[in-house]
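Here's a solo chain for you in structure tokens, the form predicted alone.
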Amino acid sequence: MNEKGTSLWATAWQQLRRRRMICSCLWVLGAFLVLALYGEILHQWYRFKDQTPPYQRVDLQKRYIPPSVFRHPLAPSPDGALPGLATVACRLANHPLGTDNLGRDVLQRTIQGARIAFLVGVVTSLIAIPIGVVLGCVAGYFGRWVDDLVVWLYTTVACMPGLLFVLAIAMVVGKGLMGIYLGIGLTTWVGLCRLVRAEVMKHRERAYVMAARSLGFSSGRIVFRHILPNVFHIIIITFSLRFPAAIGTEVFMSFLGIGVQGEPSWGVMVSNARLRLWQGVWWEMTAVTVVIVVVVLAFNLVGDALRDALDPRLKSQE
């Protein structure tokens, strides 16, 4: 609580609302979330009906159709009459981002790529964040040999080349989303563990922790009910910064052919589109690249803004 009685989270939200760029990024991330949820519903629906979804259907007669916005939606009809509003809307809705080498709609596949990217970011965070938080809290609070063991563990993991470690786990588990989940989740908890450990070491000597000990509270209750809420801002900031990193790792793995198999991941789309650039088929590569850049940039800007708004050290300096 600050001097006016406003909570840290309310103050942070007020700071974020005053920045137009951050508000725009939040709208972008909201649209990304909606598209991911829509893609997941569509995917589960066709999976339930045991049908091939439209974004996977091959139609060689519709290969390499350019985006509809570049196909003159206002062109007159064969009889010379100008098209009506309904005709223009129909033309624009017909493959607005074009089709790929198998006649599949690029827009629908991009939406499914957003679904996979969202799943990768969320699931890997659900794996990495609990590991980092639990180990960091235990090491920072108990110290001694427990701290030495945790430090040795995350130092060993940090010494290994991150991407090679992810690829090794994915190869052992097998190609597909499960390999990506475990590969990224089991290798990206080190940074959070270090931060949480350092914060818990500072909090364990403060007055409210001493009071809890004198009242006979158990160590688990002190750590997870008293200390952890005071370092929760670190978890939020770490999540917002590691989410786009997980997306980038998944795109790179899928681009190499080790990640997602048989699904329209953004990495798979980039790998396929690069082979068509020499033929002048630029729209698939452009669509995926723009989406990746916008989403990752929005996450990074929001993460930096959250760090500025929630980090007590920056506030004390101000």
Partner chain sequence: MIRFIIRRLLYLIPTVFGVILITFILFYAVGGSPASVALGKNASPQALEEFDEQKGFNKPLFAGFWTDTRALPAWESKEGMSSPAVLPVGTDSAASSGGGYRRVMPGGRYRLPTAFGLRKGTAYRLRVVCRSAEGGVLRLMEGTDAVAEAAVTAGRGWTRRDLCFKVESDDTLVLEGLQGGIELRSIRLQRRVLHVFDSQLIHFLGKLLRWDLGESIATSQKVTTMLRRGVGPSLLLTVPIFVGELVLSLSLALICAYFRDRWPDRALVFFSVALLSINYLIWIIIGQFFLAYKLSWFPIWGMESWTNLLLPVFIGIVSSMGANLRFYRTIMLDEMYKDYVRTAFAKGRSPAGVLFGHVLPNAMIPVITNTVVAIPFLYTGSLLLESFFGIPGLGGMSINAINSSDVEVVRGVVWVGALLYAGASLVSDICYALVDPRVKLR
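Positions refer to the first chain, counted from 1. Since we're looking at a predicted model, the values are computed, not measured.
The form predicted together with the partner chain is left out here; the points below concern that form.
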Fill in the blank from the handout: As a check of understanding, the residue in M178, A207, L215, M160 with any heavy atom within 4.5 Å of the partner chain in the predicted bound form should be identified as M160
Problem - Residue (of I65, V260, I292, A36) lying close to the partner chain in the predicted bound form, criterion heavy atoms within 4.5 Å - result: I292
Handout entry: Stretch from 44-52, 28-36, 272-280, 57-65 whose residues place a heavy atom within 4.5 Å of the partner chain in the predicted bound form
Key = 272-280
Handout entry: All of V134, F239 and F243 with a heavy atom within 4.5 Å of the partner chain in the predicted bound form
Key = no
Handout entry: Close approach of C23 to the partner chain in the predicted bound form, 4.5 Å, heavy atom
Key = no
Problem - Exercise: L126 in contact with the partner chain in the predicted bound form, heavy atom 4.5 Å - result: no
Problem - Interface membership of N300, the partner chain in the predicted bound form, 4.5 Å heavy atom rule - result: yes
Exercise for the section: Would you please decide whether W145 lies within 4.5 angstroms of the partner chain in the predicted bound form, comparing each non-hydrogen atom pair? Expected result: no
Exercise for the section: Within 4.5 Å of the partner chain in the predicted bound form, which residues of 122-140 have a heavy atom? Give them in sequence order, or say none. Expected result: none
